[in-house]
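Same protein, same chain, two forms; see structure 1 and structure 2 below, as C-alpha coordinates.
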Structure 1
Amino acid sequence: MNRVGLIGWPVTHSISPAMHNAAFAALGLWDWSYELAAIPPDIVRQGLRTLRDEGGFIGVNVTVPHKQAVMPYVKPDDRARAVGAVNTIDFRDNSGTNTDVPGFLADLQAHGIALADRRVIVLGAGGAARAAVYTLARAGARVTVVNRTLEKAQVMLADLSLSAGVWGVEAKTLDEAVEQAGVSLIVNCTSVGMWPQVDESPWIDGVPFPRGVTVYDMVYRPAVTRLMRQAEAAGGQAVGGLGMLVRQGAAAFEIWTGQPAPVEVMFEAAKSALQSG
(Lines of atoms letter the chains of each structure in order from A and count residues from 1; the text may use other names and numbers.)
(Lines give C-alpha, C1' and ligand atoms only; values in the text may rest on other atoms or scores of the structure.)
Protein backbone atom coordinates (compact mmCIF):
# COMPACT_ATOMS: atom_id res chain seq x y z
CA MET A 1 0.00 0.00 0.00
CA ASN A 2 1.27 3.46 -0.95
CA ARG A 3 0.31 5.61 2.02
CA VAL A 4 0.18 9.41 2.03
CA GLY A 5 -1.66 11.76 4.32
CA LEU A 6 -1.95 14.94 6.32
CA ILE A 7 -0.14 15.97 9.48
CA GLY A 8 -1.22 18.81 11.73
CA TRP A 9 -2.74 19.50 15.15
CA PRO A 10 -5.64 18.96 14.94
CA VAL A 11 -6.56 17.33 11.60
CA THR A 12 -10.02 15.86 12.25
CA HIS A 13 -11.71 18.69 10.33
CA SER A 14 -9.86 17.94 7.10
CA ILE A 15 -11.64 16.93 3.89
CA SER A 16 -8.36 16.06 2.17
CA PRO A 17 -8.82 12.27 2.59
CA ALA A 18 -12.11 12.36 0.70
CA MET A 19 -10.56 14.49 -2.02
CA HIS A 20 -7.40 12.42 -2.54
CA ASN A 21 -8.98 9.00 -2.14
CA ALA A 22 -11.58 9.92 -4.77
CA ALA A 23 -8.73 10.94 -7.07
CA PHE A 24 -6.92 7.62 -6.49
CA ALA A 25 -10.12 5.73 -7.27
CA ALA A 26 -10.77 7.76 -10.42
CA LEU A 27 -7.36 6.80 -11.80
CA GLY A 28 -7.54 3.18 -10.66
CA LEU A 29 -4.78 3.65 -8.09
CA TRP A 30 -6.30 1.10 -5.72
CA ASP A 31 -3.04 0.58 -3.83
CA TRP A 32 -2.92 4.24 -2.73
CA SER A 33 -4.45 5.59 0.48
CA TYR A 34 -4.64 9.07 2.06
CA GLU A 35 -4.88 9.18 5.85
CA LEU A 36 -4.90 11.67 8.73
CA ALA A 37 -2.10 11.80 11.29
CA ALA A 38 -2.46 14.16 14.24
CA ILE A 39 1.01 15.08 15.55
CA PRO A 40 1.40 17.26 18.67
CA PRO A 41 3.65 20.31 18.15
CA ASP A 42 6.32 19.06 20.57
CA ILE A 43 7.08 15.83 18.67
CA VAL A 44 7.05 16.93 15.03
CA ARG A 45 10.47 15.45 14.23
CA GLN A 46 9.65 12.08 15.82
CA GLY A 47 6.25 12.09 14.14
CA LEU A 48 7.81 12.51 10.70
CA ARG A 49 10.32 9.74 11.39
CA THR A 50 7.60 7.37 12.56
CA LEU A 51 5.45 7.92 9.47
CA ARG A 52 8.41 7.53 7.13
CA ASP A 53 10.32 4.68 8.78
CA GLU A 54 7.60 2.66 10.49
CA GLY A 55 4.34 3.75 8.87
CA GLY A 56 5.45 3.22 5.29
CA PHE A 57 4.28 6.66 4.21
CA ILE A 58 5.49 7.96 0.84
CA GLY A 59 4.72 11.56 1.73
CA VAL A 60 2.47 13.93 3.63
CA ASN A 61 0.73 17.24 3.40
CA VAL A 62 1.42 19.61 6.27
CA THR A 63 -1.14 21.93 7.85
CA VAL A 64 -1.20 24.26 10.85
CA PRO A 65 0.71 24.55 13.07
CA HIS A 66 3.53 22.55 11.45
CA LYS A 67 4.25 24.27 8.11
CA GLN A 68 7.28 26.09 9.50
CA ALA A 69 8.16 23.54 12.17
CA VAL A 70 8.95 20.79 9.61
CA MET A 71 11.46 22.95 7.73
CA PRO A 72 14.60 21.78 9.60
CA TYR A 73 13.75 18.11 9.03
CA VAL A 74 13.34 18.10 5.25
CA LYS A 75 15.20 19.39 2.20
CA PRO A 76 13.07 22.43 1.22
CA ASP A 77 13.11 23.48 -2.43
CA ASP A 78 13.61 27.06 -3.59
CA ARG A 79 9.93 27.95 -3.27
CA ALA A 80 9.60 26.52 0.25
CA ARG A 81 12.77 28.32 1.35
CA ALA A 82 11.51 31.56 -0.16
CA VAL A 83 8.14 31.29 1.58
CA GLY A 84 9.57 29.84 4.77
CA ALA A 85 6.91 27.15 4.95
CA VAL A 86 6.48 23.57 3.70
CA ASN A 87 3.09 22.01 3.06
CA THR A 88 4.06 18.95 1.00
CA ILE A 89 6.76 16.40 1.78
CA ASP A 90 8.00 13.51 -0.36
CA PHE A 91 9.73 11.01 1.94
CA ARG A 92 11.37 9.21 -0.99
CA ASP A 93 13.97 11.99 -1.19
CA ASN A 94 12.91 13.84 1.98
CA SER A 95 12.10 16.92 -0.09
CA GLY A 96 9.69 19.64 0.95
CA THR A 97 7.84 22.14 -1.20
CA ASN A 98 4.97 24.60 -0.91
CA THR A 99 2.00 23.86 -3.16
CA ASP A 100 -0.05 26.62 -1.52
CA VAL A 101 1.71 29.06 -3.87
CA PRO A 102 0.69 27.50 -7.21
CA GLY A 103 -2.68 26.47 -5.74
CA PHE A 104 -3.49 30.02 -4.63
CA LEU A 105 -2.33 31.60 -7.89
CA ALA A 106 -4.21 29.10 -10.03
CA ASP A 107 -7.45 29.71 -8.15
CA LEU A 108 -7.11 33.49 -8.38
CA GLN A 109 -6.60 33.11 -12.13
CA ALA A 110 -9.57 30.73 -12.41
CA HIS A 111 -11.78 33.44 -10.89
CA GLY A 112 -10.39 36.16 -13.16
CA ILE A 113 -8.88 38.16 -10.30
CA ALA A 114 -6.27 40.58 -11.64
CA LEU A 115 -3.15 41.19 -9.55
CA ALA A 116 -0.65 43.31 -11.48
CA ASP A 117 -0.43 46.79 -9.92
CA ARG A 118 -3.53 46.13 -7.82
CA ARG A 119 -3.63 47.14 -4.15
CA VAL A 120 -4.17 44.11 -1.89
CA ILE A 121 -4.65 43.73 1.86
CA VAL A 122 -3.48 40.43 3.34
CA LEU A 123 -4.94 39.50 6.73
CA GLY A 124 -2.62 37.33 8.85
CA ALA A 125 1.07 36.59 9.29
CA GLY A 126 1.31 32.79 9.50
CA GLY A 127 2.38 30.20 6.96
CA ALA A 128 -0.59 30.79 4.66
CA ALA A 129 0.05 34.54 4.71
CA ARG A 130 3.68 33.97 3.76
CA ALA A 131 2.58 32.00 0.70
CA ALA A 132 0.00 34.66 -0.19
CA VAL A 133 2.38 37.63 0.13
CA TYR A 134 5.05 35.81 -1.89
CA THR A 135 2.54 34.93 -4.63
CA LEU A 136 0.92 38.37 -4.79
CA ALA A 137 4.19 40.30 -4.74
CA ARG A 138 5.69 38.16 -7.51
CA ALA A 139 2.54 38.81 -9.58
CA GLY A 140 3.09 42.57 -9.28
CA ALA A 141 0.45 43.42 -6.66
CA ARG A 142 0.98 46.22 -4.14
CA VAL A 143 0.57 44.40 -0.84
CA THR A 144 -0.15 45.58 2.70
CA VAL A 145 -0.20 43.08 5.57
CA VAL A 146 -2.54 43.45 8.54
CA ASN A 147 -2.14 41.31 11.64
CA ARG A 148 -3.36 41.52 15.23
CA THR A 149 0.29 41.62 16.31
CA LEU A 150 2.04 44.12 14.06
CA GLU A 151 5.47 42.90 15.14
CA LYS A 152 4.73 39.38 13.86
CA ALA A 153 3.82 40.80 10.46
CA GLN A 154 7.01 42.86 10.40
CA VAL A 155 9.11 39.78 11.21
CA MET A 156 7.39 37.86 8.41
CA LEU A 157 8.10 40.62 5.90
CA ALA A 158 11.71 40.89 7.02
CA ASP A 159 12.05 37.13 6.46
CA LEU A 160 10.46 37.32 3.01
CA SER A 161 12.71 40.21 1.97
CA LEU A 162 15.78 38.13 2.83
CA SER A 163 14.60 34.72 1.59
CA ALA A 164 12.58 35.71 -1.46
CA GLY A 165 13.60 39.25 -2.35
CA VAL A 166 10.10 40.51 -1.58
CA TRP A 167 10.38 44.25 -1.03
CA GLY A 168 7.99 47.13 -0.70
CA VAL A 169 5.37 45.29 1.34
CA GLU A 170 4.23 47.14 4.45
CA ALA A 171 2.68 46.04 7.72
CA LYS A 172 -0.10 48.32 8.95
CA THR A 173 -3.12 48.40 11.22
CA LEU A 174 -6.44 47.68 9.54
CA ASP A 175 -7.48 51.33 9.88
CA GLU A 176 -4.29 52.46 8.13
CA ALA A 177 -4.62 49.85 5.39
CA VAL A 178 -8.23 50.76 4.62
CA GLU A 179 -7.32 54.44 4.33
CA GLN A 180 -5.22 53.61 1.27
CA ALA A 181 -7.05 54.46 -1.92
CA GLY A 182 -7.97 51.84 -4.45
CA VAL A 183 -7.92 48.59 -2.45
CA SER A 184 -9.26 45.97 -4.87
CA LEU A 185 -8.59 42.68 -3.09
CA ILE A 186 -8.59 41.46 0.53
CA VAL A 187 -7.12 38.02 1.24
CA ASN A 188 -7.92 36.34 4.55
CA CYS A 189 -5.07 34.03 5.58
CA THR A 190 -6.29 33.59 9.16
CA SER A 191 -8.54 30.87 10.54
CA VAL A 192 -11.01 33.41 11.94
CA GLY A 193 -14.51 32.53 10.79
CA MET A 194 -13.71 28.86 10.28
CA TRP A 195 -16.20 26.27 11.54
CA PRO A 196 -17.32 26.07 14.32
CA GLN A 197 -16.69 29.81 14.98
CA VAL A 198 -18.79 30.73 11.97
CA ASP A 199 -20.06 34.01 13.44
CA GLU A 200 -16.58 35.48 13.73
CA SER A 201 -14.79 37.69 11.21
CA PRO A 202 -11.19 38.93 11.00
CA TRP A 203 -12.59 42.33 10.04
CA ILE A 204 -12.52 44.59 13.10
CA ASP A 205 -15.89 46.02 14.11
CA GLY A 206 -16.12 49.73 13.40
CA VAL A 207 -13.67 49.72 10.49
CA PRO A 208 -15.56 50.57 7.29
CA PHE A 209 -15.52 47.85 4.65
CA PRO A 210 -14.19 49.08 1.27
CA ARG A 211 -16.98 49.21 -1.29
CA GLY A 212 -16.80 46.98 -4.34
CA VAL A 213 -13.74 45.08 -3.12
CA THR A 214 -13.11 41.39 -3.83
CA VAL A 215 -12.53 39.13 -0.80
CA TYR A 216 -10.63 35.88 -1.14
CA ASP A 217 -11.13 33.91 2.08
CA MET A 218 -8.81 30.91 2.45
CA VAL A 219 -11.33 29.43 4.90
CA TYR A 220 -13.38 26.77 3.10
CA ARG A 221 -15.64 25.62 5.93
CA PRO A 222 -18.20 27.16 5.94
CA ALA A 223 -18.46 27.71 2.20
CA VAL A 224 -19.63 31.29 2.84
CA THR A 225 -17.98 32.99 5.80
CA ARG A 226 -19.07 36.09 7.65
CA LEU A 227 -16.20 38.00 6.01
CA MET A 228 -17.49 36.96 2.59
CA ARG A 229 -20.98 38.17 3.48
CA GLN A 230 -19.51 41.48 4.64
CA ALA A 231 -17.82 41.92 1.26
CA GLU A 232 -21.02 41.15 -0.63
CA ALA A 233 -22.98 43.54 1.58
CA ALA A 234 -20.51 46.25 0.57
CA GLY A 235 -21.13 45.62 -3.11
CA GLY A 236 -18.13 43.39 -3.67
CA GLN A 237 -17.59 39.79 -4.67
CA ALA A 238 -16.36 36.95 -2.48
CA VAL A 239 -14.46 33.75 -3.19
CA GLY A 240 -14.01 30.95 -0.65
CA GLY A 241 -10.93 28.83 -0.12
CA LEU A 242 -12.13 25.50 -1.49
CA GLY A 243 -10.51 26.09 -4.87
CA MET A 244 -7.12 26.75 -3.31
CA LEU A 245 -7.46 23.64 -1.15
CA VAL A 246 -8.24 21.49 -4.17
CA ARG A 247 -5.57 22.99 -6.41
CA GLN A 248 -2.77 22.76 -3.84
CA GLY A 249 -3.88 19.19 -3.17
CA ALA A 250 -3.78 18.42 -6.88
CA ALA A 251 -0.20 19.69 -7.06
CA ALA A 252 0.77 17.41 -4.14
CA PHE A 253 -1.05 14.47 -5.78
CA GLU A 254 1.06 14.89 -8.91
CA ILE A 255 4.30 15.02 -6.91
CA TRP A 256 3.52 11.74 -5.15
CA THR A 257 1.96 9.76 -8.01
CA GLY A 258 3.65 11.27 -11.06
CA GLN A 259 0.23 11.41 -12.74
CA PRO A 260 -1.98 14.38 -13.70
CA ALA A 261 -4.52 15.01 -10.97
CA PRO A 262 -8.24 14.63 -11.79
CA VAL A 263 -9.05 18.13 -10.52
CA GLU A 264 -12.79 18.02 -11.21
CA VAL A 265 -13.11 14.72 -9.33
CA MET A 266 -11.27 16.28 -6.40
CA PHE A 267 -13.58 19.33 -6.47
CA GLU A 268 -16.72 17.19 -6.40
CA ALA A 269 -15.38 14.98 -3.61
CA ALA A 270 -14.39 18.02 -1.55
CA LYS A 271 -17.83 19.61 -2.02
CA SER A 272 -19.57 16.37 -1.02
CA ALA A 273 -17.42 16.00 2.07
CA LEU A 274 -18.22 19.57 3.14
CA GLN A 275 -21.94 19.04 2.63
CA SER A 276 -22.02 15.75 4.51
CA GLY A 277 -19.77 17.10 7.28
Structure 2
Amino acid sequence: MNRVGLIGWPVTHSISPAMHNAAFAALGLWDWSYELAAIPPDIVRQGLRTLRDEGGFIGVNVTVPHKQAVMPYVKPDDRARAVGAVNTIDFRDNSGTNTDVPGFLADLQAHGIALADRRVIVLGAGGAARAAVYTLARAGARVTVVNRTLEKAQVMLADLSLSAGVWGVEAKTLDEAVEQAGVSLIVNCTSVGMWPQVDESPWIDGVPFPRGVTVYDMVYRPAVTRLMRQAEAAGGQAVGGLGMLVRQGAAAFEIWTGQPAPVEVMFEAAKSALQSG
Protein backbone atom coordinates (compact mmCIF):
# COMPACT_ATOMS: atom_id res chain seq x y z
CA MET A 1 0.00 0.00 0.00
CA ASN A 2 1.27 3.49 -0.91
CA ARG A 3 0.26 5.60 2.06
CA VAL A 4 0.15 9.40 2.13
CA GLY A 5 -1.68 11.70 4.50
CA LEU A 6 -1.98 14.86 6.52
CA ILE A 7 -0.22 15.69 9.75
CA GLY A 8 -1.61 18.38 12.01
CA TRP A 9 -3.00 18.95 15.49
CA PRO A 10 -5.91 18.57 15.34
CA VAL A 11 -6.78 17.27 11.85
CA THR A 12 -10.34 16.02 12.36
CA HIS A 13 -12.20 18.45 10.08
CA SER A 14 -9.99 18.01 7.05
CA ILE A 15 -11.55 17.37 3.66
CA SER A 16 -8.20 16.30 2.18
CA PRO A 17 -8.79 12.53 2.62
CA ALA A 18 -12.06 12.74 0.65
CA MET A 19 -10.36 14.78 -2.09
CA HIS A 20 -7.25 12.58 -2.50
CA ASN A 21 -8.98 9.22 -2.08
CA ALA A 22 -11.49 10.22 -4.78
CA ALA A 23 -8.56 11.13 -7.03
CA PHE A 24 -6.83 7.78 -6.42
CA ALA A 25 -10.07 5.94 -7.22
CA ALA A 26 -10.66 7.97 -10.38
CA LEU A 27 -7.22 6.99 -11.73
CA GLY A 28 -7.51 3.35 -10.62
CA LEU A 29 -4.72 3.82 -8.07
CA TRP A 30 -6.25 1.21 -5.77
CA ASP A 31 -3.03 0.68 -3.83
CA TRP A 32 -2.89 4.31 -2.68
CA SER A 33 -4.56 5.76 0.40
CA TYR A 34 -4.67 9.14 2.15
CA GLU A 35 -5.02 9.15 5.93
CA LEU A 36 -5.13 11.63 8.78
CA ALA A 37 -2.35 11.61 11.36
CA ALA A 38 -2.86 13.71 14.48
CA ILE A 39 0.60 14.52 15.80
CA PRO A 40 1.10 16.73 18.86
CA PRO A 41 3.57 19.62 18.44
CA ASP A 42 6.18 18.27 20.87
CA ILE A 43 6.79 15.05 18.91
CA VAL A 44 6.74 16.27 15.29
CA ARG A 45 10.20 14.94 14.47
CA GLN A 46 9.44 11.49 15.91
CA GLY A 47 6.03 11.54 14.24
CA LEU A 48 7.58 12.09 10.81
CA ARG A 49 10.11 9.30 11.40
CA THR A 50 7.45 6.85 12.52
CA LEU A 51 5.23 7.52 9.52
CA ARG A 52 8.15 7.08 7.13
CA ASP A 53 10.02 4.16 8.72
CA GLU A 54 7.23 2.16 10.33
CA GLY A 55 4.13 3.35 8.53
CA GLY A 56 5.64 3.09 5.06
CA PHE A 57 4.32 6.52 4.14
CA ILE A 58 5.49 7.99 0.81
CA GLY A 59 4.77 11.53 1.86
CA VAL A 60 2.54 13.83 3.83
CA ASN A 61 0.77 17.16 3.71
CA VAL A 62 1.47 19.38 6.67
CA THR A 63 -1.02 21.70 8.32
CA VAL A 64 -1.45 23.87 11.41
CA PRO A 65 0.58 24.05 13.63
CA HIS A 66 3.45 22.14 11.96
CA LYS A 67 4.16 24.02 8.70
CA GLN A 68 7.16 25.85 10.12
CA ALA A 69 8.14 23.22 12.69
CA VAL A 70 8.92 20.52 10.08
CA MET A 71 11.40 22.74 8.20
CA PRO A 72 14.54 21.53 10.06
CA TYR A 73 13.66 17.86 9.42
CA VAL A 74 13.29 18.03 5.63
CA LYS A 75 15.15 19.53 2.67
CA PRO A 76 13.01 22.57 1.90
CA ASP A 77 13.09 23.74 -1.73
CA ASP A 78 13.60 27.42 -2.63
CA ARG A 79 9.89 28.16 -2.53
CA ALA A 80 9.36 26.61 0.93
CA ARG A 81 12.42 28.47 2.22
CA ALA A 82 11.18 31.73 0.74
CA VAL A 83 7.72 31.39 2.29
CA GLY A 84 9.09 29.90 5.51
CA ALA A 85 6.61 27.03 5.50
CA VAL A 86 6.39 23.47 4.17
CA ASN A 87 2.99 21.95 3.39
CA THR A 88 4.08 18.90 1.36
CA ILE A 89 6.81 16.36 2.11
CA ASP A 90 8.09 13.55 -0.12
CA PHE A 91 9.80 10.99 2.13
CA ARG A 92 11.53 9.30 -0.84
CA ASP A 93 14.05 12.16 -0.97
CA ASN A 94 12.93 13.90 2.22
CA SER A 95 12.16 17.07 0.24
CA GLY A 96 9.70 19.68 1.42
CA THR A 97 7.84 22.19 -0.72
CA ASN A 98 4.95 24.62 -0.45
CA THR A 99 2.08 23.86 -2.84
CA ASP A 100 -0.06 26.71 -1.45
CA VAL A 101 1.92 28.98 -3.76
CA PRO A 102 1.22 27.20 -7.09
CA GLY A 103 -2.29 26.32 -5.81
CA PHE A 104 -3.13 29.99 -5.20
CA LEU A 105 -1.56 31.12 -8.48
CA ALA A 106 -3.35 28.44 -10.53
CA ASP A 107 -6.70 29.39 -9.00
CA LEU A 108 -6.19 33.11 -9.68
CA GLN A 109 -5.38 32.19 -13.28
CA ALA A 110 -8.39 29.88 -13.53
CA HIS A 111 -10.58 32.86 -12.60
CA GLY A 112 -8.88 35.17 -15.08
CA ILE A 113 -7.57 37.48 -12.35
CA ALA A 114 -4.73 39.60 -13.73
CA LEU A 115 -1.76 40.36 -11.49
CA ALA A 116 1.05 42.03 -13.45
CA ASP A 117 1.30 45.72 -12.43
CA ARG A 118 -2.03 45.46 -10.56
CA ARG A 119 -2.47 47.00 -7.13
CA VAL A 120 -3.41 44.33 -4.58
CA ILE A 121 -4.28 44.56 -0.87
CA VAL A 122 -3.44 41.49 1.23
CA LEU A 123 -5.32 41.21 4.53
CA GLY A 124 -3.37 39.27 7.18
CA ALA A 125 0.20 38.48 8.14
CA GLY A 126 0.18 34.80 9.12
CA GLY A 127 1.37 31.79 7.16
CA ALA A 128 -1.30 32.08 4.47
CA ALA A 129 -0.45 35.76 3.94
CA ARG A 130 3.24 34.93 3.49
CA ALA A 131 2.41 32.51 0.69
CA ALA A 132 0.06 35.09 -0.87
CA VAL A 133 2.49 38.02 -0.77
CA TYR A 134 5.25 35.85 -2.22
CA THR A 135 3.01 34.60 -5.04
CA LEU A 136 1.58 38.02 -5.90
CA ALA A 137 4.87 39.90 -5.77
CA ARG A 138 6.56 37.32 -7.99
CA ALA A 139 3.71 37.65 -10.49
CA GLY A 140 4.44 41.38 -10.72
CA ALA A 141 1.60 42.75 -8.58
CA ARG A 142 2.08 45.90 -6.48
CA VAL A 143 1.19 44.62 -3.02
CA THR A 144 0.15 46.43 0.18
CA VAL A 145 -0.38 44.46 3.40
CA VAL A 146 -2.99 45.34 6.02
CA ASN A 147 -3.03 43.50 9.34
CA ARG A 148 -4.72 43.97 12.71
CA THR A 149 -1.24 43.94 14.27
CA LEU A 150 0.89 46.24 12.11
CA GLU A 151 4.20 45.05 13.61
CA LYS A 152 3.46 41.47 12.58
CA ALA A 153 3.02 42.63 8.99
CA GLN A 154 6.31 44.50 9.16
CA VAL A 155 8.12 41.42 10.48
CA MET A 156 6.59 39.32 7.70
CA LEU A 157 7.77 41.76 5.03
CA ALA A 158 11.26 41.97 6.52
CA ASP A 159 11.44 38.16 6.49
CA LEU A 160 10.17 37.96 2.90
CA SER A 161 12.70 40.50 1.68
CA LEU A 162 15.52 38.51 3.26
CA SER A 163 14.36 35.01 2.34
CA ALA A 164 12.68 35.65 -0.99
CA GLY A 165 14.07 38.94 -2.28
CA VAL A 166 10.54 40.39 -2.19
CA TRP A 167 10.97 44.17 -2.05
CA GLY A 168 8.74 47.22 -2.27
CA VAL A 169 5.79 45.78 -0.37
CA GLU A 170 4.50 48.08 2.36
CA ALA A 171 2.37 47.54 5.45
CA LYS A 172 -0.37 50.15 5.87
CA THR A 173 -3.65 50.74 7.69
CA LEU A 174 -6.79 49.77 5.79
CA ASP A 175 -7.67 53.46 5.30
CA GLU A 176 -4.27 54.23 3.79
CA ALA A 177 -4.34 51.13 1.60
CA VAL A 178 -7.78 51.92 0.19
CA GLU A 179 -6.81 55.51 -0.60
CA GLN A 180 -4.19 54.29 -3.07
CA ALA A 181 -5.37 54.69 -6.63
CA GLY A 182 -6.45 51.73 -8.70
CA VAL A 183 -6.78 48.85 -6.22
CA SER A 184 -8.00 45.92 -8.32
CA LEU A 185 -7.80 42.92 -5.97
CA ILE A 186 -8.20 42.29 -2.23
CA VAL A 187 -7.02 38.93 -0.87
CA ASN A 188 -8.25 37.79 2.54
CA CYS A 189 -5.60 35.68 4.29
CA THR A 190 -7.10 36.04 7.78
CA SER A 191 -9.46 33.52 9.30
CA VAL A 192 -12.12 36.19 9.90
CA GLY A 193 -15.49 35.14 8.49
CA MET A 194 -14.73 31.42 8.67
CA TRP A 195 -17.48 29.13 9.96
CA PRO A 196 -18.93 29.42 12.59
CA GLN A 197 -18.16 33.17 12.70
CA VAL A 198 -19.98 33.67 9.41
CA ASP A 199 -21.29 37.16 10.26
CA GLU A 200 -17.80 38.60 10.63
CA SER A 201 -15.69 40.29 7.97
CA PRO A 202 -12.06 41.42 8.00
CA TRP A 203 -13.26 44.65 6.38
CA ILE A 204 -13.35 47.32 9.10
CA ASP A 205 -16.78 48.93 9.62
CA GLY A 206 -16.81 52.53 8.48
CA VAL A 207 -14.20 52.11 5.74
CA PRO A 208 -16.02 52.42 2.41
CA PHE A 209 -15.68 49.29 0.29
CA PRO A 210 -14.05 50.18 -3.04
CA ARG A 211 -16.30 49.72 -6.06
CA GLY A 212 -15.69 47.09 -8.71
CA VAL A 213 -12.81 45.42 -6.89
CA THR A 214 -12.28 41.64 -6.99
CA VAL A 215 -12.11 39.82 -3.64
CA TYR A 216 -10.28 36.53 -3.29
CA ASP A 217 -11.18 35.03 0.08
CA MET A 218 -8.96 32.13 1.17
CA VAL A 219 -11.77 31.08 3.52
CA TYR A 220 -13.75 28.22 1.92
CA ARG A 221 -16.19 27.39 4.72
CA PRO A 222 -18.74 29.01 4.12
CA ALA A 223 -18.55 29.01 0.32
CA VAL A 224 -19.72 32.64 0.29
CA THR A 225 -18.35 34.80 3.11
CA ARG A 226 -19.57 38.16 4.35
CA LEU A 227 -16.50 39.79 2.74
CA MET A 228 -17.43 38.23 -0.60
CA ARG A 229 -20.98 39.59 -0.29
CA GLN A 230 -19.54 43.05 0.47
CA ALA A 231 -17.48 42.88 -2.73
CA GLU A 232 -20.47 41.81 -4.80
CA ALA A 233 -22.66 44.52 -3.28
CA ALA A 234 -20.03 47.04 -4.43
CA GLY A 235 -20.16 45.73 -7.99
CA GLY A 236 -17.07 43.50 -7.74
CA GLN A 237 -16.30 39.86 -8.43
CA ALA A 238 -15.84 37.47 -5.47
CA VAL A 239 -13.95 34.18 -5.39
CA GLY A 240 -13.83 31.79 -2.40
CA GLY A 241 -10.87 29.71 -1.28
CA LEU A 242 -12.00 26.22 -2.26
CA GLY A 243 -10.14 26.34 -5.57
CA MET A 244 -6.87 27.10 -3.82
CA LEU A 245 -7.42 24.23 -1.39
CA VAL A 246 -8.13 21.81 -4.24
CA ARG A 247 -5.23 23.00 -6.38
CA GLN A 248 -2.66 22.85 -3.55
CA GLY A 249 -3.86 19.27 -3.04
CA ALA A 250 -3.61 18.54 -6.75
CA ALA A 251 -0.01 19.78 -6.79
CA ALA A 252 0.87 17.48 -3.85
CA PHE A 253 -0.91 14.56 -5.57
CA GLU A 254 1.28 15.06 -8.64
CA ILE A 255 4.47 15.10 -6.58
CA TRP A 256 3.60 11.82 -4.86
CA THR A 257 2.07 9.85 -7.75
CA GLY A 258 3.91 11.39 -10.71
CA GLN A 259 0.55 11.54 -12.52
CA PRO A 260 -1.59 14.52 -13.56
CA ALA A 261 -4.20 15.13 -10.86
CA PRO A 262 -7.90 14.77 -11.78
CA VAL A 263 -8.68 18.28 -10.58
CA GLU A 264 -12.42 18.17 -11.37
CA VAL A 265 -12.83 14.93 -9.40
CA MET A 266 -11.02 16.53 -6.47
CA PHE A 267 -13.30 19.59 -6.67
CA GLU A 268 -16.45 17.49 -6.57
CA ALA A 269 -15.17 15.36 -3.68
CA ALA A 270 -14.15 18.46 -1.72
CA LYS A 271 -17.58 20.04 -2.28
CA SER A 272 -19.48 16.95 -1.12
CA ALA A 273 -17.21 16.53 1.91
CA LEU A 274 -17.91 20.16 2.87
CA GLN A 275 -21.66 19.65 2.45
CA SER A 276 -21.76 16.48 4.53
CA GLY A 277 -19.36 17.67 7.23
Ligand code: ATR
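Everything numeric in this text was worked out from a predicted model, so none of it was measured. Numbers follow structure 1, counted from its first residue as 1. Take the two forms, superpose them, and find the largest set of C-alpha atoms that agree within 1.5 Å; that set is the rigid core.
Comparing the two isolated chains, structure 1 is the one taken from the form predicted alone; structure 2 is not. Domain rotation between structure 1 and structure 2, with the chain taken as two rigid parts and C-alpha atoms superposed, amounts to 11 degrees for the smaller part.
If you overlay the core, the Cα of residue 93 moves by 2.7 Å between structure 1 and structure 2. Superposing the rigid core and comparing between structure 1 and structure 2 gives a CA shift of 4.4 Å at residue 42.
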